[in-house]
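Only one chain comes next, encoded as structure tokens, the form predicted alone.
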Amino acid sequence: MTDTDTRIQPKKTGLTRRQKRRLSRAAQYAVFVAAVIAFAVTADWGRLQNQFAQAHIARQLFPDLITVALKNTVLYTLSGFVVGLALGMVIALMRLSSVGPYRWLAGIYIEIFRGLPALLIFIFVGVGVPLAFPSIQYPGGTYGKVAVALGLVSAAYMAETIRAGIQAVPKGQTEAARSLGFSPARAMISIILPQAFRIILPPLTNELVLLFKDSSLVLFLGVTLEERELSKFGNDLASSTANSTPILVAGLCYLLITVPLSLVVRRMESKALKEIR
């Protein structure tokens, strides 16, 4: 037996990949817990409560918080979503058209309205259009202005979402419909669009969540007391009471709407992934 055969092999002392992952995860949890403890210890909870959590001020917000502010926020959002969906559908079909000018116009619209801040669009709708066209009156007054402004904001994003959904439908569906005697328009309406909307329902619902937050820009249109939405309502009450409790309560009302919708979006996305697998 040679010296090589009898040589003792050194033992490996390094951590395995699994042990390294556990150690890294433990370190991340430790940092998170330390940050939470540091925040809880250093924060002045008394001053925060005095400024943001006054129960007697919060009680003064009701019932107008629900019957006026929350109601208007929902109405503004839904009307803007309907306008945006209808306009987005038209732009998406123009984007897919075989006619060159239609494609160019749709592309220009999408690039402009996706690039502009929503605030500028609200100012354009509320101030620019009435100055340029004094004879034009929005139906519904402020509600009509908000529907148009939010619709213009969301239509550019919805158009791209709808276009992607249409292109995700297999081309064989169109060919099968045409072989059965369907016209191109009827095939699109009866066969392609229903399948496309099934695909794009989660991102469209996510766009609805974003519109709820964008509705806060209504305050730049100059609304009356009965037309105020949550942000304007909370800001006005915070100014009159010299306290930020109304703003916090208004923010919680936004969460009452957006959190359930976000959960719905996640469930739809997980369901879609299961169907694909």
Partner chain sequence: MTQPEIRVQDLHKSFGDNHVLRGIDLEIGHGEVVCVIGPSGSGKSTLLRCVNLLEEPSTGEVFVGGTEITDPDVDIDAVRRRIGMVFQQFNLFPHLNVTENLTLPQRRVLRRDKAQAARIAAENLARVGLSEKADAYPSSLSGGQQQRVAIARALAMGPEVMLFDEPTSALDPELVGDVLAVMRRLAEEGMTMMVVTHEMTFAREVADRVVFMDGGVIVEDGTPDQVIARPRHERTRHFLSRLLDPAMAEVEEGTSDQVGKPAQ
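Residue numbers count along the first chain shown, from 1. None of the values given here were measured: they were computed from a predicted structure.
As for the form predicted in complex with its partner chain, it is not shown, yet the points below apply to it.
K.L.:
Would you mind picking the one in Phe113, Tyr138, Phe182, Phe197 that has a heavy atom within 4.5 Å of its partner chain in the model of the complex?
P.N.:
Contact check passes for Phe182.
K.L.:
So which of Ala177, Val129, Val74, Leu105 gets a non-hydrogen atom within 4.5 Å of its partner chain in the model of the complex?
P.N.:
Only one option qualifies, and that one is Ala177.
K.L.:
Within 4.5 angstroms, counting heavy atoms, which one of the listed stretches 79 to 87, 138 to 146, 203 to 211, 165 to 173 is next to its partner chain in the model of the complex?
P.N.:
Comparing against its partner chain in the model of the complex, the contact stretch is 165 to 173.
K.L.:
Just checking whether Ser97 would be counted as a contact of its partner chain in the model of the complex - the rule being heavy atoms within 4.5 angstroms.
P.N.:
Because no heavy atom of Ser97 falls inside 4.5 Å of its partner chain in the model of the complex, the answer is no.
K.L.:
Should Ile191 be counted as a contact of its partner chain in the model of the complex, where contact means heavy atoms within 4.5 Å?
P.N.:
Yes, Ile191 is a contact residue.
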